[in-house]
Ligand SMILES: C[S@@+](CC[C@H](N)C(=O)[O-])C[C@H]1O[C@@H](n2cnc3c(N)ncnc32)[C@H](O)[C@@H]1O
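This document opens with one chain alone, in structure tokens, the form predicted on its own.
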Amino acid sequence: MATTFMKYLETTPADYDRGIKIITLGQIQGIQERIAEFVQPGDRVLEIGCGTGSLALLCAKRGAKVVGIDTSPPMLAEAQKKVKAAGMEHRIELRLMDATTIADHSEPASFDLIVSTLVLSELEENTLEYVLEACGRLLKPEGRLLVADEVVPDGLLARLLFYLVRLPLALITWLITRTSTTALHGFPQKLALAGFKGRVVTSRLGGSLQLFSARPATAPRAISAPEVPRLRHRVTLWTLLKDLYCLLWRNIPPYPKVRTGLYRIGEPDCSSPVLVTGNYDLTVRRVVRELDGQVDAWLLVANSKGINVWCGAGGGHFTAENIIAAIKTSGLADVVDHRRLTLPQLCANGVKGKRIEQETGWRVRWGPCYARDIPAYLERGQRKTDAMRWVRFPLPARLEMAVVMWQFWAVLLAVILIIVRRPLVIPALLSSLAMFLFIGITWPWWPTRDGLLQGVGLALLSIALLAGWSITVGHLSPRPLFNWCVALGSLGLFAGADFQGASPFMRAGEAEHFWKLVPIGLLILAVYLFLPRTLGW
């Protein structure tokens, strides 16, 4: 069982049902049919994470009135097509909604069934707790909660097999979507804490896919605001090691994260400003570094999947729904007497401020690009200067991103060369590092900002330098010289194209250049294979 791959399937809703059926070995369809067996004619059903509407249709065909919610407009659009094709518009209502807001849009004790498949495992611990408690309030006294999801199975052999299957798919999913999922841990205990009495109805795929049935056992307990922890800036060996890890491995999961929720910086009171950021560990610590001792504020850490706010928002991993969930689950409204949030300007590419305002009543302001400008921004009454609006890409940032971009591909390059040509590992790694550093240092002076064109220029420069070295010093024969020209030219082309993804002034290079690099790579491969034979080398 490896529902982590469904994060990729969600990018292609038309293929989602077929894909999820394949990766669950057909078991998800049987689970959904088992859930539908609990439906009685006239029941009101709420489906959390309705996706493409398959389960909603099964419930509606058994006589239920279904409300299906999801946070993905493309998935809801696909579901709407299926509902219309089945003639079930009168029985199924689809809503674009985050699970944390369900209690705001429905009356208490208004549903006979609340169902969910492969969704709750995507929620963070505090969000999951909040949603389960909201379900308890929305269910009728004899209502039922049905949850089918991926769980970590019991037993050493079953768990080993689970991870052997899951890890490769997790890697593939991350390479494509830069995100993944986690399996549920200790879900029966979480149900009990939320006031449910539950049991496992059926277990599939070696215990990694389970269907839970739960009924409210006690009155739902009120959600109280937890004690708000304080964040301080400290430089220790541990923080230095985390900085080094984030520098070298920030592109590779597991991403270092901070628990989502509300934090204090300094000694804020009920009128202090509320600042919002993502839960990437390095981001949070850099924000705290700039603010600790300078301002008294509340810091609301929302789920960005462990990605910085700019990349997270641009990639669809940090959204208005994530911030709405953080507002709902953090107890923020209990500690301040205003309704104003300050969001990073760099997340405006993917976070809809109007949606946050409509769903929560909290007014959104867009703060400075950089955390170091926040104290001055607050001192000016939350007004930005022109300088606070501009993104800069100075040499230290370029060198940092050069190392970040290089190290991930360096690992893959090293693995390949260890297998096929071990003596070239060190020369190839040093050459590729030099190219990434060169493009980072010289970036402002290139006549173009197009990463692919920069890659072509870097490839030609590398080949020219190699040819000059060979003529004056190395005296390589034609075939070795040709091989090195192909290798360095390919590395230079890739380094230039890939570094565009680190630039704040153009869109990421991977998605734009992928289909351009593929034919170029095939052409280089053809030249490498056939030109020496043509010339008789």
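This is a predicted model, so every value here is computed, not measured. Residue positions are given as counts along the sequence shown, with the first one as 1.
There is also a form predicted together with the named molecule; it is not shown, and the following applies to it.
Screening 122-130, 281-289, 418-426, 380-388 for residues having heavy atoms within 4.5 Å of the named molecule in the model of the complex returns a single hit, 122-130. No member of the trio 260, 299 and 344 reaches the named molecule in the model of the complex with any non-hydrogen atom inside 4.5 Å. Among the residues 404, 228, 364, 97, the one placing a heavy atom within 4.5 Å of the named molecule in the model of the complex is 97. Just one of 319, 432, 462, 117 comes within 4.5 Å of the named molecule in the model of the complex, counting any heavy atom, and that one is 117. Contact check for residue 272: every heavy atom lies farther than 4.5 Å from the named molecule in the model of the complex. In the model of the complex, residue 71 approaches the named molecule with a heavy atom inside 4.5 Å. Contact between residue 28 and the named molecule in the model of the complex is found at the 4.5 Å heavy atom cutoff.
The named molecule in the model of the complex is approached by residue 50, whose closest heavy atom lies within 4.5 angstroms of it.
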